[in-house]
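A single chain comes next, written as structure tokens; it is the form predicted alone.
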């Protein structure tokens, strides 16, 4: 499906980074080691690389990742791309300074699995940054999945990572203009969460 969507002359979601990510990335340390989930055509990975970060971009679409490397070359940055299925991808243990998930919409069971991997894979003090469409997005025809099971309300994200510190957590309606794929007012869930330093893999009781 995604190979077909990305097989076009232009970039489906444009070449500029997600606006929330642009602002949220200000919390990141210099030269951060970042994993970007469901990166697609590379706009967010390339932006982070422009800021001096080391970025690994994973996606299930080889067409998307080929375009990501084309965009990186055009912007004179280097990113690492990996063709990966999140059902089987190993994010490692305490490996990343930040994990990014921008409009990464997964089925509920896989979403829970990925959340557990994010908790394990972030270094203590590492950041999880995400913007996704919330269930209220079904009122709009401006982008995102039409299946309500793939849409994610803020409370679900917070419940999946109860031990994290929430620097920013908001469900809001905002204008999103990203290529032809996201065009107009959309309901989104946004988070900037930080993994605690200490014993972060054990939920609070």
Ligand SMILES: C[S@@+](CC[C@H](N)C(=O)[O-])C[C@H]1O[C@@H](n2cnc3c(N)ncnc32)[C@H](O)[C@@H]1O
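Just so you know, these numbers come straight off a predicted model, no measurement behind them. Positions refer to the first chain, counted from 1.
There is another form of this protein, the form predicted in complex with the named molecule, and it is not shown here; the text below is about that form.
The candidate spot formed by 134, 168 and 187 lies out of contact with the named molecule in the predicted complex, as no residue has a heavy atom within 4.5 Å of it. Picking from 66 to 74, 24 to 32, 159 to 167, 38 to 46 the stretch near the named molecule in the predicted complex, with a 4.5 Å limit on heavy atoms, gives 38 to 46.
At a distance threshold of 4.5 angstroms between non-hydrogen atoms, residue 87 is in contact with the named molecule in the predicted complex. For residue 119, no non-hydrogen atom is located within 4.5 Å of the named molecule in the predicted complex, even though that partner is not displayed.
The named molecule is not shown here, and in the predicted complex it never comes within 4.5 Å of any heavy atom of residue 91. The named molecule is not shown here, and in the predicted complex it never comes within 4.5 Å of any heavy atom of residue 96. Residues 59, 60, 61 are the ones in 45 to 80 with at least one heavy atom within 4.5 Å of the named molecule in the predicted complex, listed in sequence order.
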